[in-house]
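In structure tokens, one chain follows: the form predicted on its own.
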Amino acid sequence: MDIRLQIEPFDPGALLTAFSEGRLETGAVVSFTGLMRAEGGEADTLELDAYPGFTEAEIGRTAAAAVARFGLQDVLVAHRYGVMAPGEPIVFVATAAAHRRAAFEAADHLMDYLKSRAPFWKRSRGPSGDRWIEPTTQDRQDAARWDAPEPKETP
């Protein structure tokens, strides 16, 4: 498990290549890259604040729970903080599992957490001024679906 919180830009392709390398017993690697949107010209930059140390630890706890819940072989989360421009990668999540369903669901689960619950503070800056960004109702609903206990299989 690898959790990276960094100010420097990253190359999602290079991260995926390195993450996938040498996986002889892995049946699926799923990745997601989130990019900064220009919001139709309303966002010139996005600024993310975090508490290094604390933020990684919180993301790490959620990633460890995802490893256990979905039976993952490995997880990589790289998340930027600081100032970003439209088109720049903000977040990269990769999951490795024996089977595709676990890898897909785990990546979805981790992104729902990162989008709505991870300890980041987001501010967009553009021609109309600064705007704090909060999780949307949809973001909260997406994250809440993982809170329900998993159904137990019946014999």
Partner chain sequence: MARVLLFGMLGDAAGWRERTLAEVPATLSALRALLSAETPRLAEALARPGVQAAVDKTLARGDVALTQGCEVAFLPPMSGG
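Numbering follows the first chain given and starts at 1. Since the structure is predicted, the reported quantities are computational estimates derived from the model, not experimental observations.
A second form of this protein, the form predicted together with the partner chain, is not displayed here; the remarks below concern that form.
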item: One stretch from 96-104, 64-72, 24-32, 125-133 that, in the predicted complex, holds residues within 4.5 Å of the partner chain by heavy atom; value: 125-133
item: Non-hydrogen atom within 4.5 angstroms of the partner chain in the predicted complex for each of Asp49, Gly53 and Leu114; value: yes
item: 4.5 angstroms heavy atom contact with the partner chain in the predicted complex for Ala38; value: no
item: 4.5 Å heavy atom contact, Pro119 and the partner chain in the predicted complex; value: yes
